[in-house]
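A lone chain, given as structure tokens: the form predicted on its own.
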Amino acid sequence: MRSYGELVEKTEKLNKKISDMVLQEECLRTGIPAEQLLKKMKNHYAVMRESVESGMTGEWKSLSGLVGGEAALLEKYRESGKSILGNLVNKAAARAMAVAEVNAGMGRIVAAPTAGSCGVLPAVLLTVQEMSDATEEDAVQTLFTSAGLGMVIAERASVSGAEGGCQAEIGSAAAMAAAAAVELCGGSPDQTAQAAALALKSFLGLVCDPVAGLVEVPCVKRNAMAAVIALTAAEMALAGIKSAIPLDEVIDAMASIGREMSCSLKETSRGGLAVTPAAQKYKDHLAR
């Protein structure tokens, strides 16, 4: 699967959803019946839900002690009624951090597309499902839209921070979540592409600079930011706003930027936030 634009065109011609087409093509590629693929995806969604619920308890701490418990803090602030973002956006941000904290604490998550960006998709999908009339089956179905987009990004560029910087990792997660959210809300195949393009554009150039080489700082909090951007992109696309640059070209631009990035900015912890004085103190402390 190399072009999301072609996927949209084909899907619209057949009057189907992106998820229908991806599921159908996956059946043909693997020889696995649709029922089995749907069952597997349902299990993934259940793990996503469990990781959100577990992370929101505030009991997860990373082994380094750098992150943990902050998703619960954000949730507590939402419950105070003083949230600037409002219930829905605050809840999505807290949930994204919750899953990322579970990952940092070595708990069970679904790496979609990677472990470092694991909070975005569950946070956005669970939150949008709650606020809409969508069923769990609807949400599970839209995971195929996310998967299809992830395959296109992996084919044309990368979803790896080590290869393309954090733009490839958290940017892809945001794009995948935005596309799924649009379909879950009844948007058209083209609107899923617009949402994904708007989301991914917002992360172009973002470096991967984990402090002390751990997927904790700034990774956990970037998941929250990505969830908010994904929701904003979905909202814009559903309102009829289009990306001036088509999604496939945005993905190509991301790949090009990734190739031009210095290795020090691609998960090596030799640049960006990872070499700040504060980061060096954390690193020295953890080495003792």
Partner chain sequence: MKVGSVFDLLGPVMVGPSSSHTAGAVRLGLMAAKILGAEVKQARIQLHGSFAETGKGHGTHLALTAGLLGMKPDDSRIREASRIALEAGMETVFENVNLGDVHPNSVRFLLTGWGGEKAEINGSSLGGGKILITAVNDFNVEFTGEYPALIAIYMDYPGMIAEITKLLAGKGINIAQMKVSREGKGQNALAVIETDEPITDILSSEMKKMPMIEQVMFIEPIIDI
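Residue numbers count along the first chain shown, from 1. What you are looking at is a predicted structure, and each value in this text was computed from that prediction instead of being measured.
What follows is about the form predicted in complex with its partner chain, which we do not show.
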query = Is there any non-hydrogen atom of residue 143 lying within 4.5 Å of its partner chain in the predicted bound form?
reply = yes
query = Is residue 204 close enough to its partner chain in the predicted bound form to count, meaning some heavy atom within 4.5 Å?
reply = no
Contact of residue 159 with its partner chain in the predicted bound form (heavy atom, 4.5 Å) = yes
request  = Could you confirm whether residue 86 comes within 4.5 Å of its partner chain in the predicted bound form, counting heavy atoms only?
outcome  = no
inquiry  = Which is the contacting stretch out of 24-32, 256-264, 222-230, 235-243, given heavy atoms within 4.5 Å of its partner chain in the predicted bound form?
reply    = 24-32
query = At 4.5 angstroms, heavy atoms only, are 110, 121 and 213 all close to its partner chain in the predicted bound form?
reply = yes
message = Between 208, 104, 97, 170, only one gets a heavy atom within 4.5 angstroms of its partner chain in the predicted bound form; which residue is that?
response = 104
key: Contacting member of 74, 184, 217, 147, with respect to its partner chain in the predicted bound form [4.5 Å, heavy atom]   = 147
ask   = Out of 58-93, which residues reach within 4.5 Å of its partner chain in the predicted bound form, heavy atoms considered?
value = 60, 63
